[in-house]
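Quick heads-up: the structure tokens below are two forms of one chain, split into structure 1 and structure 2.
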Structure 1
């Protein structure tokens, strides 16, 4: 079995940030680059699945330049043997469709049995790359998955909802699953694995065509502080709380 895991680099920002001169990105000096947490859970799910299956390959893929390569090397230290970076002249990653379209280039060249992504990115909260990629690939998408196992060409997994409700799902392969944050505890790479990841040869795949972007980032800005708004703790039973909320809504509308 070949499992392709999509990973990305996310930014953890401090309470004070500054933007780049063009106003379209956060100055790197005010952010820490990390591998997306949900993506690391996806890597762990892939490794456990391949080990239980008695053999196979886990291949990592990311889209971008230097940040994508850093994310791949960090994820390689967990145990996967190979990684692919998708990039090329004219590639612009402005929205979900363009990222999914770029990832599709790797899927077409690798022909995996299963693709895993994190359920969402920790910095932007987007949850759409996985479903968009599944739609472009033409396979079923199962979101918020964990505890994956296979039997012949069938994938079995669980999905956990609120109140402890668990849904058990079966889907024909190939398929795409988005893995929930906290679905597992990603293993800690050994010193040997970290050195191997540091020296690994990461191949680069250039997408032939990409869907046109429908979003243009014009400017970013930090939210204003000191707006004068106050926090009110509403006490009492449901009726009293609901009444006070309605009063606040009327006050805001007046």
Structure 2
């Protein structure tokens, strides 16, 4: 079985931020880049599926420039065989439909049995790339999935809804699943895999056709601080904190 996993880089930003001069991105000095958490769960899910299937291949794909390259190298260290980066003129990273269109180029050349994405990018959380990509590819999409298993060309899994509702479903392959955060505990990859990931040759493909972009990110701004609540910090160490919490509990219980 061949599983293609879409991975992306996400940013963890500090409390104080500055934007890039065009006002459309975070100045990198105020952010830490990581592989998207849900995508690591997707990679783990793919590795386990292929192992259980008795062989096959896990291929990673990311759309973007240096950030995508870094995300692919980190995710390769978990053990997937190969990684492909998609980039070319006209790709708009802020438009999830454009990203999905770019990913489609890779699906066409790789012809996977299953495509996994994360449920969402943890920083800009659109929950859109997976469902858009499935629609473009013309296969069924199962969002917010976990506990994947296959027999012959049927995929079984659980999908999640609000308030803890879980539906066990099956679909015929090929299909696309968006993997839920925390679906599993991603492995740390061996030393050998880490060295291999560092040196891996990551090919770059250009998307052939892209959907027209119907949305434009025009500007960002730092959010007004505060949620209407003003924070009071408790000083004086753990015992002072515990005493204060106990006072609050008694007050709320009375």
Partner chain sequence: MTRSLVLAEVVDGVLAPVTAQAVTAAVSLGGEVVLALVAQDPQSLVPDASLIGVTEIVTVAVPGSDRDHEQSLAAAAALVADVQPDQVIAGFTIRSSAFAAALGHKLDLGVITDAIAVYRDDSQNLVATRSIYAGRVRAHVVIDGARPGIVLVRPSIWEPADPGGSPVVRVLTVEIPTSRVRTIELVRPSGGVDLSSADVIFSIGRGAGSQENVANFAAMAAKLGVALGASRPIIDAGWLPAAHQVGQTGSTVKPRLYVAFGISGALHHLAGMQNSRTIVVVNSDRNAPLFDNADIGAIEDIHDVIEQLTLLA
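Under this definition, the rigid core comprises the largest set of C-alpha atoms superposing within 1.5 Å between the forms. All values reported here derive from a predicted model rather than from experimental measurement. Positions refer to the first chain, counted from 1.
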Problem set entry | Correct structure when looking for the form predicted together with the partner chain | 2
Problem set entry | Threshold 2 Å Cα movement between the two structures at residue 243, rigid core reference | yes
Problem set entry | CA of residue 110, rigid core aligned, shift of 2 Å or more between the two structures | no
For this session: Could you tell me whether the Cα atom of residue 162 shifts by at least 2 Å between the two structures after core superposition?
Result: yes
